[in-house]
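Taking the form predicted alone, here's one chain by itself in structure tokens.
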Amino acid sequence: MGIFMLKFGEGVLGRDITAIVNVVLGKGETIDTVFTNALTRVPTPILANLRDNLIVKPLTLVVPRNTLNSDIQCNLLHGPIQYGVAKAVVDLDLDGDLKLIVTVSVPDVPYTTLNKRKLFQYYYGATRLAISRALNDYPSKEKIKREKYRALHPLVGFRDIRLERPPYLQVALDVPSMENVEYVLESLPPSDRIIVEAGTPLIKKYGIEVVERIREIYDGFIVADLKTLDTGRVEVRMAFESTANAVVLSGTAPRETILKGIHECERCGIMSYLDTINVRDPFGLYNSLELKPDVLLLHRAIDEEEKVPMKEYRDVKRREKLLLGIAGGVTLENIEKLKNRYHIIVVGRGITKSRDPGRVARAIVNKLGDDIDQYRLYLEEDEDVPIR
């Protein structure tokens, strides 16, 4: 049996002009077939060479990712881009039995000495980077898991937060006034530890579309507090289509409604909350469910706060894959105690009725820990340095 290897890598460098390089490299029948098929396609890719009649070894195919619409793009591909790729392959002194397929993006920029130098330099560096990463199986699975909540795609501008770094402050917009909502949202500090809740009274007044109005002002993790009691699938889908990141189901709903709601959340890829307001045994309910919610919210109703004390739950964080939330009776004074026992701390009127909502929210967030951005790496400083 012959030797078989197939590896993949990516390198992106440059700022004003960006070099995007994807590499497939390997040895054996598979890469031979892919290489031959790519070489004979139309429009025809080009072999990397240092000059006419001097192709590099190992054999390297340069494939444009985009359609070339001008003579300038053709000249850039056949000139500085091809040369940058070829020079990188030669300088890395790779195993001659390998074959490489390098896809490149070809910009449409003025054909100047400066741009040609930039493209050569960027593609030389990006090709070296992509090949080295392919050979070293970069990134590792651990790296991807570590970065998935911090990654900020340059053409998207926001992160998809999945509540993987608790504790969080959930700001409950529990007043049916859009003017007040806008005031609170605009005052909130930018923090990865803040969740915004479209409260039940707000949704009842403005409809589920209020989630979209909130997102236009504060594009973070938004919970739709529907407290669903019936038609679990329908209400979850409505919230999903309004861009909610999570939906709150009521623990007093029929069992089938809860299960259908959780199942629909899983199908749509959003998180499920189970609100246990007026539920005597929240953990008994949780344990009895065949499908588990992502968040179990221990909730004391506003109407009973004066008469019913906040319940104490022992060892509440010792439950695998369950996020625990607490709502009702949360104050700035008891945040230190609660943050060590709960993953999500819900505050409503303490913020929304404050003269300075932003100050109160920041004071709470400061007690919860660092923001993700404080530990984001510039470029890839954690990429391992190979020992030669």
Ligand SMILES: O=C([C@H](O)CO)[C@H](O)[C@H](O)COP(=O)(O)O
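Each residue number is its position in the shown sequence, starting from 1. Since the model is a prediction, treat every value here as computed from it, not as a measurement.
We do not show the form predicted together with the ligand, though everything after this point is about it.
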Listed range touching the ligand, judged in the model of the complex by heavy atoms within 4.5 Å, from 265 to 273, 220 to 228, 84 to 92, 239 to 247 = 220 to 228
Should P58 be counted as a contact of the ligand in the model of the complex, where contact means heavy atoms within 4.5 Å?
-> no
Mark R193 yes when one of its heavy atoms lies within 4.5 Å of a heavy atom of the ligand in the model of the complex, and no otherwise.
-> no
Evaluate V346 for contact with the ligand in the model of the complex, applying a 4.5 angstroms cut-off between non-hydrogen atoms, and reply yes or no.
-> yes
Given that the partner is absent here, does G328 sit within 4.5 Å of the ligand in the model of the complex, heavy atoms only?
-> yes
Sort through L135, I277, L98, I208 and report the residue having a heavy atom within 4.5 Å of the ligand in the model of the complex.
-> I277
Partner-free chain; cross-checking the ligand in the model of the complex, the single residue of T200, N75, Q121, T103 with a heavy atom within 4.5 Å is T200
Across 161 to 175, the residues having a non-hydrogen atom within 4.5 Å of the ligand in the model of the complex turn out to be A172, D174
